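Let us start with two forms of the same protein chain, each given on its own as structure tokens and named structure 1 and structure 2.
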Structure 1
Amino acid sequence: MFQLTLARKKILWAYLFLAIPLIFFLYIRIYPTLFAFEMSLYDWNPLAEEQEYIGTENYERLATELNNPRSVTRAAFSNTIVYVVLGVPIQLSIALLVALMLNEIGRLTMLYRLLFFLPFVTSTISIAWVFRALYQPQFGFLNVLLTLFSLPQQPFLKSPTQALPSILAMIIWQGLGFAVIIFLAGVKQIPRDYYEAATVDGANRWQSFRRITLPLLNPSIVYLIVLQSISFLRTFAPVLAMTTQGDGGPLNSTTTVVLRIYREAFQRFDMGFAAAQTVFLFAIILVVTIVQMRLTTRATD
């Protein structure tokens, strides 16, 4: 037996401890992810014993459905784009505003931060059900408020035009706390001297914000845009919980790519087609992320 020094032993133990989560991660997350690529080439039915290899047929079907205006798949992809394009900028703008305000106050700071962060750590499904109740036609809190001010009642989740914004509002609200905390940490990093110097030079608040805060916050902004875009691209649970029987309706107006993937895989037993959509979504996320990283990092250079 060869002797190990104490330092080496420590390192060895560290690797040993790291290996366990690593193995778990490889087997539970990485392997299934790669497996989806293979699955997408099969007519994969989870109930069947043997799976039939069909080459790129699932991808051809995906292309056909994306071109078919009646198809649910197409609705899912276009809705998902709306969730991202509206969700990310609105959420981040509000979060930045809140972070700047939180940065100004000196009393009860912890309480305010806690209040903003609380929804983020609450179960999405329970929040979705609470919002569902708030949005109820007739007796929902929002409609009671509207009636109180003699405004017409609104169908919210029951309307093909209002349902998506209603769900989006909930998602934005729930994820707000996370973005606020990241922004707050970023704002705290900016030295006070910069603002003082700017004030001496006669800059107003807007100018300091434009010229100091925004550029120096750039790393946080890039980080949040990338992360939140990915999160909005994966919208699933709120739609499942807030629409009638989780169907992504009315009239497919709220359905998302991930909801469709789930339905295809586990309700229609078409894992192959679901996997093809997963791969396609993966490609979209990859491209979006790379483009965002390039564009937003270049801005600071």
Structure 2
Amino acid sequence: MFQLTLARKKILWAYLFLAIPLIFFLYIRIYPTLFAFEMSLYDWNPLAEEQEYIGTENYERLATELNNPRSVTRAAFSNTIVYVVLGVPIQLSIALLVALMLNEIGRLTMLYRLLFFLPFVTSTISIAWVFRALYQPQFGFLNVLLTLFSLPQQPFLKSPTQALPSILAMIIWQGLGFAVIIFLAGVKQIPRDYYEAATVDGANRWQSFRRITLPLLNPSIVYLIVLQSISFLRTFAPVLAMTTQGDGGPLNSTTTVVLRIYREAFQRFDMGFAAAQTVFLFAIILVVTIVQMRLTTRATD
């Protein structure tokens, strides 16, 4: 038998404890990813004993649908891009503005932080249903408000042009609190001496923001851009809850890639094609993350 010293025993136990979450992570995250890639190469039928290998046919079908302007798959990918391109900059801009204002106030700070963070920890489905009620025609709160100001009522979720912005507003609002807290933590880390020195040198508030606040918040900005982009790319629950029968309508104007994958896999049981879309979405998220980190990460003096 080997005689281990106390120091080696501690190291051995450390490896053992680290191995438990590592195995869990590999089983929960890595294995399903590899399994999805394998599934995408088959005409996968969950009820069949043997699966038919079809090679890259699912990916060829995906490419064909992406080239078809009337395809639901193309609409799903196009809408998802709109969610990301509009949602991330709007949400982060508002969050930064709110964080800067919260950093200035001296009273009721915790209350304001709590009010902004509360939607983030609230159930997405619950918030989606509340927004769905607000958007209702005739008796929805927003249309009642428009009527009070003698403005025409709006169809919101019933309109192919207004449905996506209406859902996007809800998603931005729900995730705002998380971005505010991250920005606020970053702002608090900036030494006040920098601003005092800039004031002595004659810098105004905009110059201080552009030359001091923005560069020193770069780590927070990079973190939030990557994280929120991934979150918007995986948009699912709000669209499912706020559209009629969760179909991503009207006329597929709000459907997303994840909703499309869900419908293909669990409503049409076309598991192979759904897996191909999953792998393609994974590749997009990977590329977007790498590009964003390269573009937004920079050294700060």
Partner chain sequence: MSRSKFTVFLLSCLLVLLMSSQAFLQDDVIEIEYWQYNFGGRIEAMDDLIAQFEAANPDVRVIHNSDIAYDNFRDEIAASAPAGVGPDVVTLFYGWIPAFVDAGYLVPLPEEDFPAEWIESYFSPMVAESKFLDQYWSIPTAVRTLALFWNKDMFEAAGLDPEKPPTTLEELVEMAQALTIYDGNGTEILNIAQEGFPPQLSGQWHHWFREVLLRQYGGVPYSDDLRSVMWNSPEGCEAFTYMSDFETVYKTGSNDLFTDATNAFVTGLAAIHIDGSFRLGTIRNNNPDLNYGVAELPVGPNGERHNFGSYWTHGITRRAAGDERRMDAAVRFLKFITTAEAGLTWVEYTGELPAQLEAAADEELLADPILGPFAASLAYSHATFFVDETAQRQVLIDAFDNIRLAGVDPCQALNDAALVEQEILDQFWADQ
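Heads up, when I say rigid core I mean the largest set of C-alphas that superpose within 1.5 Å between the two forms. As the structure is a computational prediction, the values presented were derived from the model and not from experiment. One-based numbering along structure 1's sequence throughout.
**Q** Looking for the form predicted alone among these two structures; is it 1 or 2?
**A** Here the form predicted alone corresponds to structure 2.
**Q** Where is the hinge among T109, T33, I261, F117, given that one rigid part rotates against another between structure 1 and structure 2?
**A** Checking each of T109, T33, I261, F117, the hinge one is T33.
**Q** How big is the turn of the smaller rigid part relative to the larger between structure 1 and structure 2, in degrees?
**A** Treating the chain as two rigid parts, the smaller one turns 8 degrees between structure 1 and structure 2.
**Q** Once you lay the two forms on top of each other by their rigid core, how far has the C-alpha of R8 moved between structure 1 and structure 2, in Å?
**A** C-alpha shift for R8: 5.2 Å.
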